[in-house]
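Alright, here's a single protein chain in two forms, structure 1 and structure 2, each given by itself as structure tokens.
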Structure 1
Amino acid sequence: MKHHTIDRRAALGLAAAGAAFALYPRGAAAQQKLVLKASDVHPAGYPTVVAVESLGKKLEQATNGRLSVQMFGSMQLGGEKEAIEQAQVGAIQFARVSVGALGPVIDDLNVFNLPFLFRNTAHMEKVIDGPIGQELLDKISNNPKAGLIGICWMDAGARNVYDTKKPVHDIGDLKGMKVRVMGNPMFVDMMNALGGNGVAMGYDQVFSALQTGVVDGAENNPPSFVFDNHYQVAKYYTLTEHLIVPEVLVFSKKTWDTLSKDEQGLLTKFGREAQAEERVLWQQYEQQAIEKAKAAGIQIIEVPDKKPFQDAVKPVWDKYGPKYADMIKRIQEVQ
């Protein structure tokens, strides 16, 4: 069943690409142009931003300019909660957000938000590239209340704790620390289980919260830590790798329903390509981020033994794990 879905979509995408020129002949009576708005919290040049812009260029070419993408990066349209809401009502079309932020809307996705679920980023990539990845994208698209279409996944590496106060060497150092987490109750529970005080907050507020001391720290992957400038205020970065949460690109169902089947097919095809393109960019960017952090004198702290952190989050698994039991098993079986 699942495989059929993938094959059908792939076939549709390919057929659509070939048919594009026939559909949109140059000089044909003015096809109404549609500019698809995209939101990302990250700045120009960030892998997720570049991948969506590239998807836009392909779309523009394949439709002879009928469809194009306008990127609003750097949180111009707000944080991720806002982006999701705007896509739901059709005010924008693409929201590139973290699965952490989308979990409260599509509960099926929250399985990816369990701390230490994936063995490593390669494991996560295998899962999002395979049948489970497609199944969960379909869960987004088929959710009657969400008003969203799941286009593709993107890499976001592993998340690490950072703070403005003192180096965190072991789990005991987190005690009493106020740490910003994404707006999802699972992460508040996770941070509390680790001994800190989890503070849920939109990404658009993190920099100033760190700067003004509203929080002592946050947690994120190296590119977000560096290229969103948090490293300017938080000098300690501890490689806890407690979360490996992928990003997701969703599309407004309101707008989707106005597109032709061929146009939908193009979005699916170019989305799949964006997933692959972002991965390559991600690896380079992650490397650059670490080098930049080191050059700026950030203290990068290794965590040779993650076991105390893994043991500590057991209550989070006890609370949220059972309803995903089958899916967890399938994820763990992916080699």
Structure 2
Amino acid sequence: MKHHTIDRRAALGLAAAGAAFALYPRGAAAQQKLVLKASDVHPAGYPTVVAVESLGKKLEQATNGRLSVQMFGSMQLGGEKEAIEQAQVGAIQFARVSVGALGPVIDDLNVFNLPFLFRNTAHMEKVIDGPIGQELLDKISNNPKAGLIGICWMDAGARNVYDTKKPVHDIGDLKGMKVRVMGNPMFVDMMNALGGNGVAMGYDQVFSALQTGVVDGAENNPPSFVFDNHYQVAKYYTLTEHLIVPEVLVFSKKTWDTLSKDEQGLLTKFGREAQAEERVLWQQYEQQAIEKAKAAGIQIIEVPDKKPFQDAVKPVWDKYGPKYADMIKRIQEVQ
């Protein structure tokens, strides 16, 4: 009996495919429905995921269902590096990735990884919303080797230091503290310059490393600190805002080139809207995290004077910054 249902299903599937094909004869290839695959490492409900899903709904409406988006969140299609590679070959269309993951492909983006590049989150938002933001997206789109189109930026908050030992009120408090950073030599150098010991390790190992004292602290945005449960072991969260690195949504150039000018225009337009929408979602999400941390008795420490921190990372700027000198100057001039 079982086989019978499978056969019937297959037959129905074939019939449906035949009917669809009859509706769109070969000459009308432009009418064929296209489901655009999107990848994100974050789970359903996360600001970046919701913003891309919303872009998909608008696209579906505007194209009468010809284009739609299917979201694969929670690393279903692999990490960010894999998502970039899949978009490059056209296996997926949208990849929402961090600048850290895209930096090796488009070096110009690495300027955003410099510590204390932005005065605060508002400064970063002005930059990505303005001509510099567009110019860097164009650098992605116009890079013949990349095979990607830059669609929009997305906020990912500011990274702050948290630890299990004591409140960090000033730069002296970091002295000798072992702090986990992302596996980028620049971030290890940054932590060392601040007086701590930078320890590069995979994100999945941070919780147990904090628990067992392999590291004394780590650094991340409030939602990661809270929703990934690091706040259960690290009781001090200091608003250093040493890294404010936006994330980026890219699209497969291979697929882009098959779309009409109108469809490309819609993607660009809805991309700009997604950038604004994700920001609102992000601010709410971050607020929820901070409230949850406070309710759990986490000490949240403001840094009254960031200047000593900013001065301390000068060697990092001297080492990594020279090739971005013009861009740095332009970013600093944004008021």
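None of the values given here were measured: they were computed from a predicted structure. Structure 1's sequence is the ruler for residue numbers, which start at 1. What we label the rigid core is the largest C-alpha set whose atoms superpose within 1.5 Å from one form to the other.
Of the two forms shown, the one predicted alone is structure 2, not structure 1. Superposition on the rigid core between the two structures places the CA atom of Pro167 2 Å or more away from its counterpart. With a cut-off of 2 Å and the rigid core superposed, His123 has a Cα displacement that falls short of the cut-off between the two structures. After superposing the rigid core, the C-alpha of Lys314 moves by 2 Å or more between the two structures. Lined up on the core, Thr240 has its CA atom moved by 3.4 Å between the two structures.
For Lys178, the Cα deviation between the two structures after core superposition amounts to 7.1 Å.
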